[in-house]
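This document opens with one chain alone, in structure tokens, the form predicted alone.
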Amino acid sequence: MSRNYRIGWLPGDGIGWEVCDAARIVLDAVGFSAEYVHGDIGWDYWCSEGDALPQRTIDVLHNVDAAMFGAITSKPVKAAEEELEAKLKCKGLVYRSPIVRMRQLLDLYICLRPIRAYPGNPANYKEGINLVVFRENTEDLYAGVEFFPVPQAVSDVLAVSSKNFAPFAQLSGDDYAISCKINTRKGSERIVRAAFDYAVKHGRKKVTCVDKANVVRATDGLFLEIFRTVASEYPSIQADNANIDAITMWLLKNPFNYDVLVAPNLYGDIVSDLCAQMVGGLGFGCSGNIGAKVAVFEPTHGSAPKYSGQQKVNPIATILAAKMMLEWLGETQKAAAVEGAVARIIAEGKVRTYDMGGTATTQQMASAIASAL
């Protein structure tokens, strides 16, 4: 008999509430026993409190078995400051994506993105696509080490230490901005090893490193070096690498040449959205943010404010994210049942949301999948 789990429930903004409600319909139908603990996250809390990820929500995430996350609104720094309540303006508050902060605070270093073309989906690019993307989730250009305007002390260090800085040496601090791309040995090795371990466990035959080491020589060079070292420990798994720009072409040309992809944070973000579009779009893009102690599962789409309250969007991405959560918790039979129900409804084609060419609502899709269980 299944245990009773404690699950963090973070619907977020916009359609996040609707797709999370849809996932609950399916989780209840499959007999998943859990206490759902609400967590405040998103744009409303930024505007009213100056913090899109309040400490109380971080405390919730430290005391759950896993969490489900819906979607959030994010805006550039200046636009975010303008929408703060008057009492919070001019206090030096700077908006940062709460999901990025969550990944870093909880060390959710694996972003796992399964990419599967379910038979009968009219939005599939090609039938039979079945890939997995491992995206490093805490480092790279998402590390949050950025400067604008650039302090004079930073300019002085760059002028002395890097001949490549010469073209920018005469610029003043507000004439340019710097975002630091930071890849560590530890961060690179653990995501690469996770990809190879997954390949072994699930019978995958090849792992491809996505990089741009020929141009971004220091950080991507380190990532590729570590990839090759780790790959040598897995002789049964074929290993190769591809530049991020080239693989966006090759994936479209022949997606069946790839099996497991592993990449630094930004490239993983890019290539996983491309892959999601090949299997129907972000309405089918599920994701797991996984650490050693806890994991947070989510659809990969945004909050889609123009659709908020309309019960229009496809909840399958969130339902598949819930399936991933079940797998991670060891509830493999329930996970298989949920995925089987999703596949059956897609194949039958009687219930389709607007992105699939149909008219079904978010709740109608969820109810159909629940009934198929």
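All of these numbers come straight from a predicted model, not from anything done at the bench. When you see a residue number, it is the position in the sequence shown, counting from 1.
The protein also exists as the form predicted in complex with a small molecule; that form is not presented, and the subsequent description refers to it.
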Discussion item. Using a 4.5 Å heavy atom cut-off, which of 233 to 241, 99 to 107, 168 to 176, 78 to 86 contacts the small molecule in the model of the complex?
Written reply: 99 to 107
Worksheet entry | Whether 18, 32 and 323 all lie within 4.5 angstroms of the small molecule in the model of the complex by heavy atom | no
Discussion item. So the small molecule isn't shown here. In the model of the complex, which residue out of 125, 118, 198, 142 has a non-hydrogen atom within 4.5 Å of it?
Written reply: 142
Discussion item. I'd like to know if residue 259 sits close to the small molecule in the model of the complex, meaning any non-hydrogen atom pair within 4.5 angstroms.
Written reply: no
